[in-house]
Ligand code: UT7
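Just one chain is shown here, as structure tokens, and it is the form predicted on its own.
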């Protein structure tokens, strides 16, 4: 499996911590000190589909892969405006992709893009590439009266084109996922509900153990990892995991301050920025990891080809 193109999109409307402080009992200092978030993009007319479409078009352009090669479309989301048709089916239609493809959505919350990446790795072939997307408009399911969650979330989308390995070389790839049926710590009915302390403890523990597991499976040393791209939920979660792993924060790509927590869109947005900014170079050892509602976790190790 190779990632051959990435793309991302975010609503034009940006809401800062200072703006939130005008409508609720909070402050920029309170939010930044506890989360690392400074602002977030919030949809004003954009939808999961429109954001996904923009991100997918950017990924296709970056990859140079013709649309005729796309045989799989997987969309990760918890906030699509419609239950049916799926976001993936609508994306297939609006991109003008062939109807003779496999298109479906999956729900693994903030781990969704990791799950989609792993699924795609099993479905691609020399004649069948995959488009995977994480797209969220969490603002439509966020309770603005709940200070503990309303300051955390933002909207956006990220996408990647997945290709089979070049048969002339072997590209290392390993993965791990876990699912813990829990509908109390982090769940969504009409709105997002979260026990922050429990999520924090769970996320740090699983992020650390999953990084170690994928490295063990890949037989790669931790010190050889060039970059870790993790779900952007809370800066303190990643800092705590970094300390336990004995890694400097410089190894972790961060864009949380400008986007907030965008659930399934978080990892692919960060991945796209890391690629475009030159943080990911050919031959780099990369770990992509997520954790979220479900409770779900997942991590992938790959060598950037």
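Bear in mind that the values here come from a model prediction, so they are computed numbers and not experimental data. Numbering follows the first chain given and starts at 1.
The same protein has a further form, the form predicted together with oxa(dethia)-CoA (UT7), not shown here; the description that follows concerns it.
The single contact residue among 91, 130, 108, 152, judged by any heavy atom lying within 4.5 Å of oxa(dethia)-CoA (UT7) in the model of the complex, is 152. The contact with oxa(dethia)-CoA (UT7) in the model of the complex, taken as any heavy atom within 4.5 Å, belongs to 147 out of 212, 140, 82, 147. For residue 69, no non-hydrogen atom is located within 4.5 Å of oxa(dethia)-CoA (UT7) in the model of the complex, even though that partner is not displayed. oxa(dethia)-CoA (UT7) in the model of the complex comes within 4.5 Å of a heavy atom belonging to residue 234.
Of the heavy atoms in residue 261, some are within 4.5 Å of oxa(dethia)-CoA (UT7) in the model of the complex. Remark: residue 35 counts among the residues lining oxa(dethia)-CoA (UT7) in the model of the complex, judged by a heavy atom distance of 4.5 Å or less. From the list 188-196, 112-120, 220-228, 72-80, the contact stretch for oxa(dethia)-CoA (UT7) in the model of the complex under a 4.5 Å heavy atom rule is 188-196.
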